[in-house]
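Only one chain is shown below, in structure tokens, and it's the form predicted on its own.
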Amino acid sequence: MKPRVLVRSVGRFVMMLGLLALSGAFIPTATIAATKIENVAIITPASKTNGGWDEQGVNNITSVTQKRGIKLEVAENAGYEDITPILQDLKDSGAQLIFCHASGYQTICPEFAAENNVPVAIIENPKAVKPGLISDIETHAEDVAYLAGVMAGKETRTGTVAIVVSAEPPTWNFMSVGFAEGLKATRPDAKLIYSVIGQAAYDDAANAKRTTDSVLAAGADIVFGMGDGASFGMIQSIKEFNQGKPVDKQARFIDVIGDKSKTAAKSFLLSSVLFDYTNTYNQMIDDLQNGTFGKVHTLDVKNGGVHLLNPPIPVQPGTMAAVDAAKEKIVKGEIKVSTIGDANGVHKRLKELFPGS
């Protein structure tokens, strides 16, 4: 009986709406109230002052939240083990959106979001995107790393260049291949040394120094280093290597994420692949407020999400012209940089490019 009465009531209501519409009367429409974002959080595996990945993410979201008057909670040094308790604490403290700032969190954060109905932003896992709950950030840093490879090809004096990585996550892998392709296109006869510090040695400065010592001893005069805190071990190695040598015999460094031109690397820092999440973080907050959260966001050369740091030290004539020309071709689609995120794919591609290295 009750369902039948409900159907009749709905039917009468629809008929009344139709008559009102025909008569030109105003009919109020239902609206979805916007969600006001007042509290967000970011979780990073290492220190927010490590001069690299973690610091860049925290600095960008701090800038965004300060301008918008949003409360920010930072959970740093979370590591790569089970971060569920930390995520739970952030939820309990009122976080309406959690930025999971590490590719190592690309599985656990979506699981937490699904179980707790807390929106999260993740890194490099577009398959996990879910409307209203999970947004993803894809970083096309391989294109900028290609430009860094062009720079290295123009600047190397020995013809031997090294890539030193603290691990082999997708983001680092994309950049390793991009850099190698840029180097090959610019200096086909170059030798490339590829060295991995450890499985997850992002902050292992001691082993980073030893690894960098070995590539310098093998003749590399430019090191493209991806390390977060481990980068400071690379810098220490190059600094010691350069002591007492004339400028034209010194090694130089190309960094990622941070601007280390005011650190101990200032005299030999060629450039850095810089990430800027500011616009993406702003867009994600807007999306959540507007009910459109749950997208793939991309940082690339064209939108300025990734770019090269202008050389803090003098470079050879023609180096930046070559970099700018390659950048223009990438934006126009005339240069297609490989996108390889798995470690096995990286090793295979590097052997194809530099079979004798």
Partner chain sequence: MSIEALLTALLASTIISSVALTIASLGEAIGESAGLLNLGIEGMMLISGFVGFWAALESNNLWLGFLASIVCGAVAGLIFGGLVVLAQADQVIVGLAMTLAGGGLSGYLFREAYGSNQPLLQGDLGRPLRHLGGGIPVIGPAIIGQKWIVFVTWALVPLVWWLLRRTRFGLEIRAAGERPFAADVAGVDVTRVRLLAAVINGAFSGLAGAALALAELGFFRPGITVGTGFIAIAIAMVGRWDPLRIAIAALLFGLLRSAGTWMQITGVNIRPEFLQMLPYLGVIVAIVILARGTRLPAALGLSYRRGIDRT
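Numbering follows the first chain given and starts at 1. Predicted model, so just to flag it, every value in this text is computed and none were measured.
What comes next is about the form predicted together with the partner chain, which does not appear here.
Taking the partner from the other structure, the partner chain in the predicted bound form has no heavy atom within 4.5 Å of any heavy atom of Gly178. Looking at Arg210, you'd find a heavy atom of it within 4.5 angstroms of the partner chain in the predicted bound form. In the predicted bound form, the partner chain sits within 4.5 Å of a heavy atom belonging to Glu240. None of the heavy atoms of Ala185 is located within 4.5 Å of the partner chain in the predicted bound form. A single residue from the set Asp221, Glu155, Glu168, Asp287 has any heavy atom within 4.5 angstroms of the partner chain in the predicted bound form; that residue is Glu168. The partner is absent here, but in the predicted bound form a heavy atom of Asn77, alone among Gln250, Thr278, Asn77, Ser261, sits within 4.5 Å of the partner chain. Figure note: of the listed segments 289 to 297, 322 to 330, 44 to 52, 304 to 312, the one touching the partner chain in the predicted bound form, with heavy atoms no more than 4.5 Å away, is 44 to 52.
In the predicted bound form, the residues of 191 to 226 lying within 4.5 Å of the partner chain by at least one heavy atom are, in order, Lys191, Ile193, Tyr194, Ser195, Val196, Ile197, Gly198, Gln199, Asp203, Asp204, Ala205, Ala206, Asn207, Lys209, Arg210, Thr211, Asp213, Ser214, Val215, Ala217, Ala218, Gly219.
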